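In the block that follows, a single chain appears as C-alpha cells, in the form predicted on its own.
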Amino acid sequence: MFHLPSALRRWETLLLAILAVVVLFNVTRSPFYLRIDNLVNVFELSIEKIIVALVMTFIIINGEIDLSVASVMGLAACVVARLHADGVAMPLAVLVALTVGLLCGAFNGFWIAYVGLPSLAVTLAGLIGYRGAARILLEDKSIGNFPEWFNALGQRPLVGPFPLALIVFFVMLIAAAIILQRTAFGRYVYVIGNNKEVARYAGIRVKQVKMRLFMASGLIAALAGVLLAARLGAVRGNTAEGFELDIITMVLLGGVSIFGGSGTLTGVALSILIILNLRNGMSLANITGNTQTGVIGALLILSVLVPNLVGRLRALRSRMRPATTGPTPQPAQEVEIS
C-alpha cells in the first residue's frame, strides 16, 4: 500500500475545494444543473477524453507522455467509418480499428522503449502522422449512416440513465486503481518514473513496462475513438482533434508530476470532475468554445507551474534554514591586549 505524500494530500484537498466552488457557481447559473440527466450529460459529452485520461495517468507517472492519443482516436474512428462505407461488417470494422490503435501504440513504444528516443518527439510525430492518415482515409468527407445498433451504443442509455461509454469508464477506473496501487506492475510504473536507472538495477524490465504502457495507450485511445464514432453518428478526418489538451490537463491538474514518479488516480478523478463541471458552467454562462479552450489551456499551464514553483521555494527554504544538529557555536571571547 502506497502512503500518500503530504504534498499530494494538500493538493487533493485544494482540488476538492475548487470543485465545491465550481459546483456552487453552476448551481447559481441554472436550476437544472443538479438534475440527474444534466449530470450524466456532463460526463457523456467528454466521456472519451476521460477514458483516455486514465491510461495517460500511467504514462505520465512513468515519466513519459503521449501526445498522439487524440490522433489515434480520430484514426480509429475513421477506420471504422471507411471500412463500413466499403461494405465491411461493423463488428469486423471495430476489430480492425482496435488493432490499428494497438499497432500505433506499439510503434510509439518501440521507438521510445527500445530505441531510446524521447516520448515527446515520437508522439508529436505520431500526432501529425496518424492525423494525416485519418484525413487520407476520408478525404475531408463526412461518413456516417452506421447501423442502428452501433449508434445506440453511444447515444442511448444501457443501464438506467448510463450509456455504455460511462459504464466502460467506471469499470476502467476501478481496474486502473487496483493495478496502480495493488500490483507489482503499478509499483514498477512509479519506480521507473522516479529513477529509470535505479529501476533497471533493481531488476525491473523497464523497456517491457514502457512498451506495454504505450500499447495500452494506443488500444484504449482506439476504443475511445470507436465510442466517439458511435456517439456522434458520423466521422470526419478532424474527429477528436485537440482532445489531447483536455486529456493532459486532467492528468496534470490532478497532481501527477510532469517529471514522473508521483500522482494518484484520486487527484485525477477530482481534476476530471473540475474540468467537466467547469466546461458545463461556462456553457451555461454562454461562454464561447474558444474562450473555454483558453481557460483549459491556462489550467494546464498552472498545473505545471504551481507545483514546480512550490517545490523550488521549499528547496530554497530548506537550504537557507540553519543547521540544527551539532553543538551551538559560542561567540568568540574578547582578548585584551595590554
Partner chain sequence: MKAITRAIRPEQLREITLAALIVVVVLFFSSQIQGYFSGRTFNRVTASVAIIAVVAVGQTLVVLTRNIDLSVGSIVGFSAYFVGTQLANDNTLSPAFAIALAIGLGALMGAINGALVAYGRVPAIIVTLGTLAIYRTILVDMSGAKTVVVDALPQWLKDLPRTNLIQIGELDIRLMFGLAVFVVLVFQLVLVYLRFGRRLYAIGSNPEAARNAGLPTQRIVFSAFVLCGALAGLAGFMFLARFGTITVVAGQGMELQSVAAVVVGGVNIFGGSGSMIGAFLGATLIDLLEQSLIRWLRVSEFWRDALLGLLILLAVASDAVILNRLRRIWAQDGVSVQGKPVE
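The structure presented is a predicted model; accordingly, all values stated were derived computationally and were not measured. Positions refer to the first chain, counted from 1.
Keep in mind that the form predicted in complex with its partner chain is missing from the display, and what follows is about it.
K.L.:
Kindly indicate whether 91, 167 and 176 are, all three, within 4.5 angstroms of its partner chain in the model of the complex, using heavy atoms.
P.N.:
Not a single listed residue reaches its partner chain in the model of the complex, so no.
K.L.:
Partner absent here, but in the model of the complex, which of 217-225, 93-101, 68-76, 123-131 has residues with a heavy atom within 4.5 Å of its partner chain?
P.N.:
Correct option: 123-131.
K.L.:
Looking in the model of the complex, any heavy atom of residue 273 within 4.5 Å of its partner chain?
P.N.:
No, residue 273 is distant from the partner.
K.L.:
Given that the partner is absent here, does residue 147 sit within 4.5 Å of its partner chain in the model of the complex, heavy atoms only?
P.N.:
It does not: once its partner chain is placed as it appears in the model of the complex, residue 147 has no heavy atom within 4.5 Å of it.
K.L.:
Tell me, yes or no, whether residue 252 is in contact with its partner chain in the model of the complex, where a contact means a heavy atom of each within 4.5 Å.
P.N.:
Residue 252: contacts its partner chain in the model of the complex.
K.L.:
Answer yes if any heavy atom of residue 313 is within 4.5 Å of a heavy atom of its partner chain in the model of the complex; otherwise answer no.
P.N.:
No, no contact at 4.5 Å.
K.L.:
Only one of 117, 106, 158, 172 comes within 4.5 Å of its partner chain in the model of the complex by heavy atoms, so just point that one out.
P.N.:
The residue in contact is 117.
K.L.:
Could you run down 211-231 and flag each residue that has a heavy atom within 4.5 Å of its partner chain in the model of the complex?
P.N.:
The stretch 211-231, when checked against its partner chain in the model of the complex, contributes no residue at the 4.5 Å heavy-atom cut-off.
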